[in-house]
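Have a look below at one chain only, the form predicted alone, in structure tokens format.
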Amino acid sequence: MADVDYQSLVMPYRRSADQDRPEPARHPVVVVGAGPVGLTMAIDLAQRGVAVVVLDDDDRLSTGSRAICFSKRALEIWDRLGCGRRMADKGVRWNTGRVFFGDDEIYNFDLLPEAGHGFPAFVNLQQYYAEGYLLERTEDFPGIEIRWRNKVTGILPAADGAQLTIDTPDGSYDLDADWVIAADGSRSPLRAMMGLEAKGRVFRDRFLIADVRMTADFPSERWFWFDPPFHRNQSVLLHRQPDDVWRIDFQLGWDADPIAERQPERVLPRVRALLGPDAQFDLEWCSVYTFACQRMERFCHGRVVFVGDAAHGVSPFGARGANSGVQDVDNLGWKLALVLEGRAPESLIDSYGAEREYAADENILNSTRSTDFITPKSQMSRVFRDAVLDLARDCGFARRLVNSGRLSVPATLHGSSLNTPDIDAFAGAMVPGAVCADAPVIRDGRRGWFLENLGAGFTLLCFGEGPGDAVVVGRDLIDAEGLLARRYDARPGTCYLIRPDQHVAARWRRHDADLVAAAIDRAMGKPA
């Protein structure tokens, strides 16, 4: 499918039948916000047979590159939803990052040093492409209705759902929903309407984003400079994007004027200082931002559930924003579908809050540490940071202290009430609560990937007696390179119960039908 010009795409407003009803229509799920998180939520639910109405107050996709670094885990989730491969094929794949101090490279790192994974550690892809691909994927589901220029102006929560008041070019109307998913961004109007807030720490610094179109021989890597000669006493980050577009982030300091710094006469000299006086480039888009690390105290408020930036926010260092939002809806979708089907108690939704609040705290901790290292706020902190950077040229221990952004990895949900604790001894990372590791497999003579063979529901993975034998219930797989058994510390007879969101729910050395049934009940939030 050829790409369209997503930046100029205008979605038409269409009057819905709900606007002509004498009484408010009722829908099982209403998603507020048609950004990458809201669209992902809609697709996930539609794949599970849940009808969704999506409301968005705009009629365009995002402007400028915005979120660009999408992690391996986000790509795996989008692959399950039918568009991950397209994003990976369009995006700029990268695993390597380089860190510079002054004129010198002090060290580099590989985020995916081992082979045998279906996706790279990251791809760089402008947010409007991600949104565009997701939007086109929604067209495959008759159960998804997106209403553009439908602005939510009021919400009245109730025990069995919520009533929304919506403003449109044709006037306002009311809509009832069994469940409302708030995916309306960091300033979340829904959050404000409900008298809720996100609390945390605001960082007193400003950064300039410049999207530059040029032909350059920089490799497809993440380059981060501390105190470079072309931008003294500050930091700079460089990423390559598709279509010969490069993303450059310049630290400006808190005293910088955000309006003045967006002007071309300020931006162009900074870019030329990095690229050289003779560099040929076009400035596509720029913005100045500040950021905060904060979250709502609780993500679930009755039948109103907050996801993505509406629930939590982090600094951009580490690409933990959009990626964690996609993981939010991956966690929520299967639970909400089970509740709507009457197969799980409504309290299962509370486990979304507990698990993703835990993950948000982990992201905020890592993001705060990165930001404190990148932007020291005292002379002593800066002396310490620069000493660490000096030592990192030659000392391995110092490199572990350098923090240019601990990059996004999925949280292992230690302590979740949905996990069944081990009763057998295991080694390795695939503990209950961990995201499943991928590995190459062969099915029906065709080579593919393990995660592609996991279904939309609970999956039982059993390792056979012969070398390379693995069974995903209903599908015979061959462990093509032995990596599956190695990553899951498998012996003949080892079994794993995998949740619909590809987290490990339980594991045993031998299959026991009663134990499996009890673990499924536990993972569905049913009382013991």
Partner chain sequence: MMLNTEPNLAAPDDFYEALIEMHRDLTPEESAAVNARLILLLANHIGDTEVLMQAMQRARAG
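The model shown is predicted, which means the values in this text are computed figures rather than measured ones. Positions refer to the first chain, counted from 1.
Not pictured, yet referred to below: the form predicted in complex with the partner chain.
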> Does at least one non-hydrogen atom of Tyr289 fall within 4.5 angstroms of the partner chain in the predicted complex?
Replying inline: no
>> Is Ala359 part of the interface with the partner chain in the predicted complex - any heavy atom within 4.5 Å?
In response: no
>> Using a 4.5 angstroms cut-off on non-hydrogen atoms, would Trp254 count as touching the partner chain in the predicted complex?
In response: no
> How about Val383: is it within 4.5 Å of the partner chain in the predicted complex, going by heavy atoms?
Replying inline: yes
> Which of 291-299, 278-286, 338-346, 396-404 has heavy atoms within 4.5 Å of the partner chain in the predicted complex?
Replying inline: 396-404
> Among Leu391, Ala354, Ala273, Leu111, which has at least one heavy atom within 4.5 Å of the partner chain in the predicted complex?
Replying inline: Leu391
>> Considering non-hydrogen atoms and a 4.5 Å limit, which listed residue (Leu196, Ala387, Met214, Leu156) is close to the partner chain in the predicted complex?
In response: Ala387
